[in-house]
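Here we start with a single chain on its own, the form predicted alone, put down as structure tokens.
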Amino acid sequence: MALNSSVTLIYGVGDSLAKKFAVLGIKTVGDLINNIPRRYIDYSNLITISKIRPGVVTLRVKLSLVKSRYSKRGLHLTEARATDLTGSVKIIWFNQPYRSGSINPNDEYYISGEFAKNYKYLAITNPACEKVSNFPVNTARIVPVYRLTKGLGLAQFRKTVKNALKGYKIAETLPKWIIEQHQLISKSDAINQMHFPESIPKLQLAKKRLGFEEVFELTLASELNKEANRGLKAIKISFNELLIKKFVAELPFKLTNDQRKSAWQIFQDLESGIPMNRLLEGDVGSGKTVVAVLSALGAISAGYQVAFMAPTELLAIQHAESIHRMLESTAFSKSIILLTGSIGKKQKDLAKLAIASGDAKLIIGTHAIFQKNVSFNKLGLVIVDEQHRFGVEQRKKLQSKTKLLAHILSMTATPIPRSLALTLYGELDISLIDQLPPGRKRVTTKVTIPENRNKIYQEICKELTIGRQAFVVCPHIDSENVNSRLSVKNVFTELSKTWLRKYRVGLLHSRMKSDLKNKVMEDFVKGTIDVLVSTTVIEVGVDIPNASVMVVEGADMFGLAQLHQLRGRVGRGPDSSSCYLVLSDNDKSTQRLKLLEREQSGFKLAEYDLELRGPGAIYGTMQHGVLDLRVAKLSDFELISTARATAKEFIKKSENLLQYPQLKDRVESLRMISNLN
């Protein structure tokens, strides 16, 4: 078998089972053996029955008195007596009728499961059970737990992985000097220990090896892209000091030190003649847009065009309006054009002509900007707002519209801890705005229990009475298998009939058609909707200064970084604003969420999230997905630092990637899916 061989080549996998694995994205042998377990259950502590105590236990026993029956409630029960030399204990399986026919009283079995009180007596309920062997798969060891799908159980999954590991020889992927220098175990040992660890220390060694390799590959890909960048030529855009100073002096506010520093870094990049590939990272309301406008002004004044891409039409329109206000006093205010999919044909044709002729200097829009029939006259700078929302291919299409490479400035409002940013965006230069502009009001945040909802909605009604607006956010769309208070549809219906029946209430969620979603958001922006009941599809960056209250139902189901992003939808105007974080039930712990009551910095909250919940909480907000780390922990600064330094050493040594075929394939893949080079 090869890594790219179909899973059907694994012993025991037919077409039917292959289809179930395909649902999980597992189609090849490589997909299966690189599918890291979600977690582990430790069944390795083998004891005798005489030492049994409530909790997880593993026994080596013979099984007798096996019988099946139905309970009064209709459950099928299989009961047995497990015996060793020191005593016996009762075993019960629910709804597993095959058990009685599969047990041989003469064989020895490993039994692993929970020993606890069941109704009136102590028993082991629904344990894993398999014949004693040199390599148990489901018992008597630390066992892996995988993500499953309908018709595919854990026992079958583990057996298939075991057969795959027996049938495929795992080749080494890292140079020998790296393995020796950092005392790493082999790739083969690491993969085997990840799936079937012999002990916790050996599992840790496997995680160290695979985590190191993940960060090493990412860094190597980004460093090679950086190296390739240095060999490319880009437009040189000279710094127009007089114009920029005049513009800054006329702004109605004072730039923060972080804004000034970020703008200066960008101007230096534009003058370098090397393609800029910079990420401007700033918290909600930190003033990234004005830095982007300064960059655009520098490029336009040098005779170049600027494309400013936003992920949605609403955001593009808001950017066009706010940027036009900023540039109103300059000679370039009349050369700003909006290009989105929904504008009329005549307006669209005029816009395309202006772009092609060069009359349009600043083109603000959505994906419509990089369509084939849009030709730029002299594109010098591309600004991408919420850059993770655009695919690499989309950005490459835009980049291809110029002879010399245009400079790229990406922006994100999702605060990303530096360790995470360096790992995900290693090839980008990062500018950080960690200061809020003076005068930005603090949003009063309160964690509360469901019993207090009456008081919360009374407060909302007070705000609505004086003409303000509010958000109510829920974690689910439907109420199936969840508390009705957590369903956006249920909450919308309830509020429309009770507390908010006198007001105009809107509904927004991801299953609605795009046109309807846009219409609802536009109505909310215009003020024809008083309260928006929504899931987390509320656009990052949408500016509604009149919204002064945010309620998040089931707040304990969100990460701190995501809650901070939601909170950022209010407090954007002159009025005092509030954010109520309502727990999913009265007994939930508030300790983690209390951080939001006292902490306003998104960067600090993202660091807490990284420590408490791992990178998933931040990835969810970023909608990233592609570069997710499966093994490495981003809180392991030492491992990340070492792996990154080793990747740079690999390049310094002029190592030839052709000598390491699997490493080469992985690195080339990462180079393709990471940012533009």
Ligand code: ADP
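Keep in mind the model is a prediction, meaning the values are calculated, not measured. Heads up: residue numbers just count along the shown sequence, starting at 1.
Keep in mind that the form predicted together with adenosine-5'-diphosphate is not shown, yet the notes after this line are about it.
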| query | finding |
| --- | --- |
| Among the candidates Phe239, Trp177, Phe253, Phe94, the residue which, in the predicted bound form, approaches adenosine-5'-diphosphate to within 4.5 Å (heavy atoms) | Phe253 |
| Option touching adenosine-5'-diphosphate, based on a heavy atom within 4.5 Å in the predicted bound form, out of Ser487, Ser286, Ser431, Ser410 | Ser286 |
| Segment that reaches adenosine-5'-diphosphate in the predicted bound form - one of 367-375, 103-111, 254-262, 554-562, heavy atoms within 4.5 Å | 254-262 |
| Distance check, Arg572 to adenosine-5'-diphosphate in the predicted bound form, heavy atom within 4.5 Å | yes |
| Arg440 within 4.5 Å of adenosine-5'-diphosphate in the predicted bound form, heavy atoms | yes |
| Partner contact for Val505 in the predicted bound form: adenosine-5'-diphosphate, 4.5 angstroms, heavy atom | no |
| Partner contact for Leu205 in the predicted bound form: adenosine-5'-diphosphate, 4.5 angstroms, heavy atom | no |
| Contacts with adenosine-5'-diphosphate in the predicted bound form - residues in 472-490 whose heavy atoms fall within 4.5 Å | none |
